[in-house]
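Quick setup: one chain, the form predicted on its own, written in structure tokens, and binding and motion questions come after.
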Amino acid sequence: MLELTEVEYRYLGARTPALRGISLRLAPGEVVGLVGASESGKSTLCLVAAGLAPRFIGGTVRGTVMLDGQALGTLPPGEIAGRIGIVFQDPSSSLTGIMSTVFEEVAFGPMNLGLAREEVLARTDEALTALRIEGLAARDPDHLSGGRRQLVVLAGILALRPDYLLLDEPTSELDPAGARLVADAIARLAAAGGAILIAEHKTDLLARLCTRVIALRAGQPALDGAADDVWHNPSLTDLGVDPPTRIRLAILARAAGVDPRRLEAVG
């Protein structure tokens, strides 16, 4: 289990904490959604949970971050990388920049784990197939669109088979078809026992995947609970978050005197 307890994080030189009072437990098979307005702390929370802050970007952290009963800050970076995968909003920050083909890019992580050649090839093929980008295997990552590059980054993380996956706006550069591929891959990973934290503005995507949702305001949890409870909370929009489409339609239907169940029947 990945567990944060009363975590506070302050960037180097910052006068106020970027995160305060964060408690989160990410268990196998669970998908937790993270929402909030821009600058609410979603990306920072992903960095802290992945062990990248403060180890690599400085700052100070209070509280505890535990990975399967061990303090995250005491584990070697290589061990953390094999157990926690993180995907950032900008794919350029995650690509190696040294591999000439997509296949090599996706295989890079498993190779660094020292796995046997057959295992590296199997994991790479499996990850490419999961995201339906096997046709890009021979392409140069630098010559792909932003959306396709993001799929390559995600494939590289999937090839590592991490126990925990942290996704920071993973579909921001993807069209609806690409977003569905990512959602399908996340669902399969969760069904296989993976634990996933996904920060997203696209609440329709989260509504499909998440069992729990945390809404942040200025680095603090404003709402935290079962996904459906959070989506129906009237204060969600005050946090700069639009509820999923089905919730908004139900609200409009009630305002118009229409039974929302009639919309479900039409759908």
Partner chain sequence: MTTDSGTTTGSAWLRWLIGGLVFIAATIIGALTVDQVSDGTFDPNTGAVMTAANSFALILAIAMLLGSATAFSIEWFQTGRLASISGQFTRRVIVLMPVAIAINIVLGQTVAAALKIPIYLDSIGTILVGVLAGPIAGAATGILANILWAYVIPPPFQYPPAAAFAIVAGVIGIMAGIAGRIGIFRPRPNRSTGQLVIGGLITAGLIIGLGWLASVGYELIFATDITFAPTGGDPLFQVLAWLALVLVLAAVVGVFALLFIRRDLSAAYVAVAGVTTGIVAALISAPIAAGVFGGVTGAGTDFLVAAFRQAGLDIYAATTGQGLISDPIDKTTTFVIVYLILIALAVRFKARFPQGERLLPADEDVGEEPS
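As the structure is a computational prediction, the values presented were derived from the model and not from experiment. Residue numbers count along the first chain shown, from 1.
Below, we refer to the form predicted together with its partner chain, which is not included among the displayed structures.
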Counting only non-hydrogen atoms, choose the one of 230 to 238, 22 to 30, 54 to 62, 197 to 205 that falls within 4.5 Å of its partner chain in the model of the complex.
-> 54 to 62
Might residue 36 be said to contact its partner chain in the model of the complex, defining contact as any heavy atom within 4.5 Å?
-> no
Could you confirm whether residue 14 comes within 4.5 Å of its partner chain in the model of the complex, counting heavy atoms only?
-> yes
Exercise: residue 221 in contact with its partner chain in the model of the complex, heavy atom 4.5 Å | no
Should residue 211 be classed as touching its partner chain in the model of the complex when contacts are defined as heavy atoms within 4.5 Å?
-> no
